[in-house]
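Presented below, as structure tokens, is a lone chain in the form predicted alone.
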Amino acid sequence: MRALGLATVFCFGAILFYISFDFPGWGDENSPASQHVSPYYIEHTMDDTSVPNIVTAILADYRGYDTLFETAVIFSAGLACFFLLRIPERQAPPARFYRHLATGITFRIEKGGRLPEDTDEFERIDSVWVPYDVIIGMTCRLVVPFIQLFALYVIAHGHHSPGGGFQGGVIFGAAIILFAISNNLRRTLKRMSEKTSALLGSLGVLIYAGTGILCMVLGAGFLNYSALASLLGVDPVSARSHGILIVEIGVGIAVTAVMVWIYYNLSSAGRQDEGL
């Protein structure tokens, strides 16, 4: 089986290497992309979509199908990590460790022992204990909201300035992961649970695909945002700009949720009980 897999990889690699010689040279100004495709985008993007950021217009409008499947692939990565790593919660947890907040003394409580989870005097810590650093915790607590605000700005202005759903989603997800690293996984799960991450990832893909379906319902092609003009009360060109913003929001939600979902499983080896 291993030999068959290696042979398959080698054959497909050889085919890809062979057909690469038919590609135009790197930066060739006489290639079809340079002669026809790129000039059209540069000259007509503003007239077609009212979007100054040509890259965003290409990704979310002209090449909207490809970006939709890219978003679906990201969501599939989250599903793969879930099915490969997630360990059922019914397995018995190991011994737990707690820190007395007033004195800093740590306690190890074996299975069956009394857990002081309902009091404000103790804080549960991971078995691989890292000393609590008040400076790191407070700094991250102050920085995280500004990172999230900047992420929203990047998503909202992605079609008018550098940014977009992928970039903003990564920034927002990184802010949540930073909070998890500076505190612990359990505290992060209380704010954004595993189920919430999965639902938001699905919602992001649904917003993107649903926008395309809505365009079809309104009598246009899939992801032809100009059909939204009557619904939004704007002209068809502005409707394409608004449509780009809608799908970018969906992409941002999906990327954020999947990043956090993958982090939960990787950092805790699928247990989602302990981890950075």
Partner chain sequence: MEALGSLILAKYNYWAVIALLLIGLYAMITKKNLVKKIIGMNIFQTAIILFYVSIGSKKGATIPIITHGHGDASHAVHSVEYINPLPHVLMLTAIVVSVATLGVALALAMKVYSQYGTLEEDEIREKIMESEPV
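Remember, predicted model here, so these are calculated numbers, not experimental data. Positions refer to the first chain, counted from 1. Whichever C-alpha set is largest while still superposing within 1.5 Å between the two forms counts as the rigid core.
Although not depicted, the form predicted in complex with the partner chain is the subject of the following passage.
Figure note: of the listed segments 163-171, 193-201, 100-108, 134-142, the one touching the partner chain in the predicted complex, with heavy atoms no more than 4.5 Å away, is 163-171. Contact annotation for G27: at least one heavy atom lies within 4.5 Å of the partner chain in the predicted complex. Interface residue remark: L149 is not counted as part of the site for the partner chain in the predicted complex, having no heavy atom within 4.5 Å. Taking the partner from elsewhere, I244 is found to have every heavy atom lying beyond 4.5 Å of the partner chain in the predicted complex.
Interface residue remark: D66 is counted as part of the site for the partner chain in the predicted complex, having a heavy atom within 4.5 Å.
Residue in contact with the partner chain in the predicted complex (any heavy atom within 4.5 Å), chosen from I54, L214, A229, I249: I54.
In sequence order, G5, L6, T8, V9, F12, G13, L16, F17, S20, F21, F23, P24, G25, W26, G27, D28, E29, S31, A33 are the residues of 4-33 having a heavy atom within 4.5 Å of the partner chain in the predicted complex; the partner itself is omitted from this view.
With the core held fixed, L266 shows a CA shift below 2 Å between this form and the one not shown.
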